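The chain below stands alone, shown as structure tokens; this is the form predicted alone.
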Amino acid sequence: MEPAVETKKLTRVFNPKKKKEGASVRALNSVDLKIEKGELFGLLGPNGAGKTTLLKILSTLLLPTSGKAYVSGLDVEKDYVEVRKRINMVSGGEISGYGLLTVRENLWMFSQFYGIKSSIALERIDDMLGKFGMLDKKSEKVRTLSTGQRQKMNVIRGFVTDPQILFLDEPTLGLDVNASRTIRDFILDWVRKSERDKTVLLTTHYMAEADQLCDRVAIIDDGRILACDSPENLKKLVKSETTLRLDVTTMKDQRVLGTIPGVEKFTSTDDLENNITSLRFVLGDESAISDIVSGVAKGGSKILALRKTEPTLEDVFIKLVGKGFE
């Protein structure tokens, strides 16, 4: 089965129009990437890393300087008309639509650019407006919408054409928690219920969003792909210890907890005034957690609080890129 997206040595160089404007900028540098059909694929990188340039090439808005890019097996340069029939793109923070038209009229208009039958388009529009909690806004002018409502409309615009491949460029940028959650839930549901024939390429600055949504994640910086794997496998690149902290009622004999298999380091402190013992474990094997909990109970103490820390995608990102998002 052909991949949904494939790039081979893809390079894009921006040359200044005039010599005095500075040197050339290599936005993409020999990028090899393959995204399978049915994947929810994430692209992480700092500002200026090449994420948006890659999406613009894949969506036929920009030509590569060299190399090849294919969408659904079609060459984005030679077969751009056919590519456009199979894709859609939504960017966070964009201002789209006509302010004098209503929400429903705007969405219908965009659907017609793709030749969708009006009855089908309107049915999809009303269904998605309902799922996004915006059915009561369908007859309101777009200019009256809040930022979050406008972005929800933009996301609906991306889905209403029922594309094979959807490019989402920071779709939850600047949105509140509820609006972001609604969009994330819809994206995940759309891909998971598609019987593996719908694909999403998502760029985001939110690590937790990529961790929650994506089957695989590629980390890009300075136009190069530094790593590409599942979030769980990427986290294994960071040799960060799993730490378990417990607050328990005062425990007299804690030494036995340090002998549990899988515990690499163990320390404890007592707060006799408040009748609390704080335990800290460095784990080599997380299966030790159940034995630790049992050991606390056998020692006659009760667990008051439990916290576990482990490597995150942000740890991976900082290790590979050498800095956080800017």
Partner chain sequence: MTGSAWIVQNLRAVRGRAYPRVLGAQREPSWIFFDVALPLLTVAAYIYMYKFMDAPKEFVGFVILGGAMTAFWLNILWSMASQFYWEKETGNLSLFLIAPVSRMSILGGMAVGGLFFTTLRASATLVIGIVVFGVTLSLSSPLMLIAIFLVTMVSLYGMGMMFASLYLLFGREAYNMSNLMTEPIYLASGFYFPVKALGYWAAAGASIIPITLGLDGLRQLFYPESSAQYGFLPVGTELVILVGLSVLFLILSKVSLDYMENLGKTTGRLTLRWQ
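Remember, predicted model here, so these are calculated numbers, not experimental data. Residue numbers count along the first chain shown, from 1.
The same protein has a further form, the form predicted together with the partner chain, not shown here; the description that follows concerns it.
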| item | value |
| --- | --- |
| In the predicted bound form, the one of Asp211, Glu105, Asp247, Asp126 near the partner chain [non-hydrogen atom within 4.5 angstroms] | Glu105 |
| In the predicted bound form, the residue from Lys68, Arg280, Arg26, Lys56 that sits within 4.5 Å of the partner chain by heavy atoms | Lys56 |
| Three-residue site Arg12, Lys85 and Gly93 fully in contact with the partner chain in the predicted bound form at 4.5 Å by heavy atom | yes |
| Interface membership of Leu226, the partner chain in the predicted bound form, 4.5 Å heavy atom rule | no |
| Residue contact check: Gly115 to the partner chain in the predicted bound form, 4.5 Å heavy atom | yes |
| Heavy atom of Met89 within 4.5 Å of the partner chain in the predicted bound form | yes |
| Contact label in the predicted bound form: Arg157 to the partner chain, heavy atom within 4.5 Å | yes |
| The partner chain in the predicted bound form: contacting segment from 196 to 204, 95 to 103, 227 to 235, 182 to 190, heavy atom within 4.5 Å | 95 to 103 |
| Partner contacts for 57 to 71, taking the partner chain in the predicted bound form and a 4.5 Å heavy atom cut-off | Ser59, Thr60, Leu61, Leu62, Leu63 |
